[in-house]
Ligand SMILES: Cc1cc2nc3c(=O)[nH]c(=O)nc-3n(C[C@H](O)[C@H](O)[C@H](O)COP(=O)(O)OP(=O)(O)OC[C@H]3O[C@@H](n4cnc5c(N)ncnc54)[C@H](O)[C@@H]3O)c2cc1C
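Next up is one chain by itself, shown in C-alpha cells, the form predicted on its own.
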C-alpha cells in the first residue's frame, strides 16, 4: 500500500492535467453496475501518458490494471484498494492507414470500429458491431460472436511491455490468439495500446445489412435491458453453455439480486441491487448443477476479481528483436477520424 500511495503522488506530479479518480466506485465503470471503490483510476488522454504512468508504477514495483468498458468484469463489493487502474476511455484515435488498414487505439469501442470499417467499405468486423467492449478488452480475450473473432482481422498489436519498459509491436501469430484467449491474457506485463486491422474490401450496403441482421438477432435473444457482463460461461467443446444451463432447469435461478436470465440462459443479469457475492454464488451453483446433470464443467467467461487482486509485471524482460516506433496519423495528412 505504501508503494501505491507514493506512486499516486508521483503520477499526480508528473501529469498534473490528467483526470485521476480516487476512491471511485467501480460500479460506475462496468456493465454489471457492481463494485466498491477503486483506490485510483487514471484517465490518460494519449499513449505517451500511459507509458509515463507505467514507468512510474514499475519504479514502485507495481503494474496497472487496464480498464475499457468493463463489459466482462465482476468487481468485488469491497473494492480494489491495492490496485492502480488505467482507463482507456480517452484513447480514441481511429483512422485509415495509407495502405488501407485501420489503426485503432485501445479505448475505441468495437461498435465504433465496426461502423468505421463499414463506412470505408471494409468487411470482416460485422460480428463486432454489437459487442459492448473496446479494442483493448477485445484483443485480450479475442472477442467474437456469430462465427467471427478479432484474431481474423488483427494484423498487429502495439503494447507497452512492463518488464522492458518499452513499446513492442506483435504480429498476429505472436499474439497467440485462441478461443476467448490471447497471449495477453495468459502472460502478464503487456499493456495494450492499439492495433492495426487488415480487412477485405466489400460493399458498404451489404456490410451494413449484415450488421443490422446480427444486431437484430442480439436484441431478440439477449437480455440487453438488464445489467450483465455478457456471456457468463465459455462455450464448452462440443456443447453450448446456454443449452446445458437451460436443460438443467436453471433459467430464472436467483441469488439475491443476480439471476440466470429468463430470456437467455447463457447470461447472468443484475435484476436490482446484486452484489458480487450474489453473482459469484449464482455462477458456482450453475457450474455445480450443470456438472451434476451433464458431466460438463463450465468455465466462467466473466473475469472475477477478488478484493486483494494484484498484478505483477512478470519479472525481467524476455529477449526480442522487433521493437517499436511512433504511431501517428498517415504521413503527410491528418488522421481520418469519424
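This is a predicted model, so every value here is computed, not measured. Residue numbers count along the first chain shown, from 1.
Keep in mind that the form predicted together with the named molecule is not shown, yet the notes after this line are about it.
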Heavy atom of each of 131, 141 and 222 within 4.5 Å of the named molecule in the predicted complex: yes
Of 38, 67, 286, 53, the one that lies within 4.5 Å of the named molecule in the predicted complex (heavy atoms): 67
Candidate from 92, 71, 118, 261 lying within 4.5 Å of the named molecule in the predicted complex - any heavy atom: 71
4.5 Å heavy atom contact, residue 31 to the named molecule in the predicted complex: yes
Partner proximity in the predicted complex: residue 303 to the named molecule, non-hydrogen atom cutoff 4.5 Å: yes
Heavy atom of residue 233 within 4.5 Å of the named molecule in the predicted complex: no
Contact of residue 255 with the named molecule in the predicted complex (heavy atom, 4.5 Å): no
Partner-proximal stretch of 237 to 245, 164 to 172, 190 to 198, 209 to 217 relative to the named molecule in the predicted complex, 4.5 angstroms, heavy atom: 190 to 198
Shift in CA distance, residue 83 and residue 47, in the predicted complex relative to the form shown here, given it is 3 Å or more: closer
Relative Cα spacing, residue 85 and residue 46, in the predicted complex - shift of 3 Å or more: closer
